[in-house]
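Okay, so we've got the same protein chain twice, two forms, each given alone as structure tokens, structure 1 and structure 2.
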Structure 1
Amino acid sequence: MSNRKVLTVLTALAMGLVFLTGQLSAQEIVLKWPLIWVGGDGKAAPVKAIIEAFNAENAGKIKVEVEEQPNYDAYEQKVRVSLAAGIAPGDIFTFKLNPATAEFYKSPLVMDLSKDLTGAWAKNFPAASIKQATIGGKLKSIPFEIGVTPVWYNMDLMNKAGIKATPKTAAEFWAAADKLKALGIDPIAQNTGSTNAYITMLWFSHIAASRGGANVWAKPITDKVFVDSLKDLKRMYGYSNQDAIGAAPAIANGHFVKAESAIYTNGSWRLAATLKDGPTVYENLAWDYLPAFGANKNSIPMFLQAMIAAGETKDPARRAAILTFLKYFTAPDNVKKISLASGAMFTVPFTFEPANPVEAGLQKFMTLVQKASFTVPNLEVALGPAAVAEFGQRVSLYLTGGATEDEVLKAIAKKLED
């Protein structure tokens, strides 16, 4: 074959490769997101709308596909098992940051975003939250949703019991519980079921902070502070809904929304749901700190509730697509849409409009945070899923007289050692 013919063939091949490469680069990049904010979750509708808007704006280039994960406990297990098996849970995924999930930062399957979160995007996040999310110099998750869990009071029920203001001391708290119980109302909503006995765990966290102070979780779990906190919790159980043992959080939520319980604790993500399902209850809500059961006043549990992470990729185009979506999703205007629809609180700041009932509630939550003597994470965030799962398994037995404080706390301590 002559040199001219060889050159012609090579040129044709090169042009074909250029065309093929162009075709491939023009293909839509599909990002998989196993998503917990679906179904009945308060964030489901706005998150869906934001994803749909992003897909429309990036049609033919980037598409986010949701894999619905409606079960919280199963989702956390999926993320943990996937990473342990050497498989990224998705191109995008979320998790709670605690001692166990901090291990995810060691996985090469999780993208390090420390060099990407810069400029205008970085300004969307408080420096303190970025610092908390940075482990070993790596930022392998973006601090997104925060949890603030004050004590909720149905002041209509409180007023019927002759209580005109939220209790400021432990004595006032127990007196209020007695008055409510005398009216045939189960004063305090609790649940001891599901993996983490969530609402009962929150009550325990409140009491422990009051007794142990800002650094309470640095103490050994067998410390007298936690022994006394369990005793307070047991006393509180005497004023709880009768179906608290083994109940899921939805049971306690339901009792409060239906005005069957007067005192409750949960996060701001319950604001929109309470307004929707119990508008009369919502109109009469007050939020406050748990009165001091110990020496420490005006504390409140606050923690990073959801971190957004990404699956590592060696494909520059896929990485760029992931970053494009993350910047879009965490833009203040989009975060505000999620917050207003759900009542959830986020690290990304935006301007409140107090005329909106949910925003008014959010503003009160923020005021409690700003005026708090200190904030602490809850038991689950501070000690990790193994510890809170053990708490969840033992607390029902303890509250019904089947275990001692020492037995419960030593069992949790053993889990922490394993």
Structure 2
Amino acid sequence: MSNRKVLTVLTALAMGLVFLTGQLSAQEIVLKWPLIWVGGDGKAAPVKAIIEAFNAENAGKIKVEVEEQPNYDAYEQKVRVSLAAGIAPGDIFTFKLNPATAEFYKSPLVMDLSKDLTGAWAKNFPAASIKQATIGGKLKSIPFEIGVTPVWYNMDLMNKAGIKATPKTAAEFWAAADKLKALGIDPIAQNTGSTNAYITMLWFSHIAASRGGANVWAKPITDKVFVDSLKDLKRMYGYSNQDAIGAAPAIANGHFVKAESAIYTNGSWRLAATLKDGPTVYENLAWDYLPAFGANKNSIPMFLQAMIAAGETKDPARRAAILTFLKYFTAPDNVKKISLASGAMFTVPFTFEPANPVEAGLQKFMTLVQKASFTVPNLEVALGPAAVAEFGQRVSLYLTGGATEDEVLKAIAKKLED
């Protein structure tokens, strides 16, 4: 064979190889997921394991690549900037559903899943949560993680104050607070710092729900319900940790875990941390509804904490790959793994086997949700980040006597109008 023929055969082989490699790599669809469940997040390890398992099962066909985003506020900013720039933030991404992020539903860059989340897949989700995630007939995000924030009681401290059961009425609640205070214990844990004054905002949401009912957030923010709720909050402040003003949520968490405060409110994501940092406290925990401060009993703040969304694509194969992954990720077995490792709660139901304390705690949270007369979102979810930022700015001044209820609520109302 002449040199020219050898060269021709080799060139043809090389071109064939290049073509084949191109075809093979073209077959694998890479999905980008800017992910917040990374770093120190309790969900980081199980989510990573699930993605790795998916990639192994779909090797050569679909690969999910994570872009780690550790800071939630900055992540949300990134999603917002990306959509404003006309670029989908990722093939898969998450956000909290509130009036501000509901605007994402208007973006053609976000995939409408209303025709996909049907049949067997839809049966994994409560109909109410799908309804809550459907805006203007479009389902542009899957309701995934939920937040439930009952009242936590340290029954060891309560018993020391002579209280044998969780308070069932407002009178019992204040009486318990008096007894705890007399013992030198800070009865209630609060914090007014950070942008959303998180624990104090949750207390306000509890009281408002009790006073205003299931549709409390439909009322104008200057309504008497909110005026009275603020007054209750101020009364609570008289029983709270001295460093509540300006403190981060971690300070309130720390006081409760260290048995320095007896009554607290937060979500199930604090279960694993409380067990780790305060095992004795954890053994003596009880969770309940806030006693009726108003006309409504047994209400509990519950909200959609994380929605999973997908970037729109015109490529049917890519769309199918995204849906394949979403179905895999939201399968009850996988959700259970994330929940048990982190203490987080999800819309996707799964069977509890309370073999460990976190599972037992989660079970009690679920029981409270099931037996609640109604659930209601908290202030942040209901009115959006601008309103909660205004609440956070004003509430410290209000609690320390520097502003009136009217001033606080009118400031929030103005922010809502803006």
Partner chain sequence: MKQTTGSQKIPGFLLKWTVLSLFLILTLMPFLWLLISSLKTTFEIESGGFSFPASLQFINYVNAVSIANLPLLFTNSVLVAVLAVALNVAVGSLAAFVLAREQFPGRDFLYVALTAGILIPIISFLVPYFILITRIGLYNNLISLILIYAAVNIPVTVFLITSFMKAIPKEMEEAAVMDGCTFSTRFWRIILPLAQSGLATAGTFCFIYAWNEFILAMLFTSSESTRTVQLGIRFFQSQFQTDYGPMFAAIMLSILPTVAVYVFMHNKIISGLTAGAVKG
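Computed from a prediction, not measured in an experiment: that's the story for all the values here. FYI, numbering is relative to structure 1, first residue = 1. Definition used throughout: the rigid core is the maximal C-alpha set that superposes within 1.5 Å between two forms.
As summarised for this chain, the first structure is the form predicted on its own, and the second is not. Fitting the two forms on the rigid core leaves the C-alpha of Gln242 displaced by under 2 angstroms between structure 1 and structure 2. With the core held fixed, Glu283 shows a CA shift below 2 Å between structure 1 and structure 2.
Relative to the superposed core, Thr169 undergoes a Cα shift smaller than 2 Å between structure 1 and structure 2.
After superposing on the rigid core, the C-alpha of Lys32 is displaced by 4.3 Å between structure 1 and structure 2.
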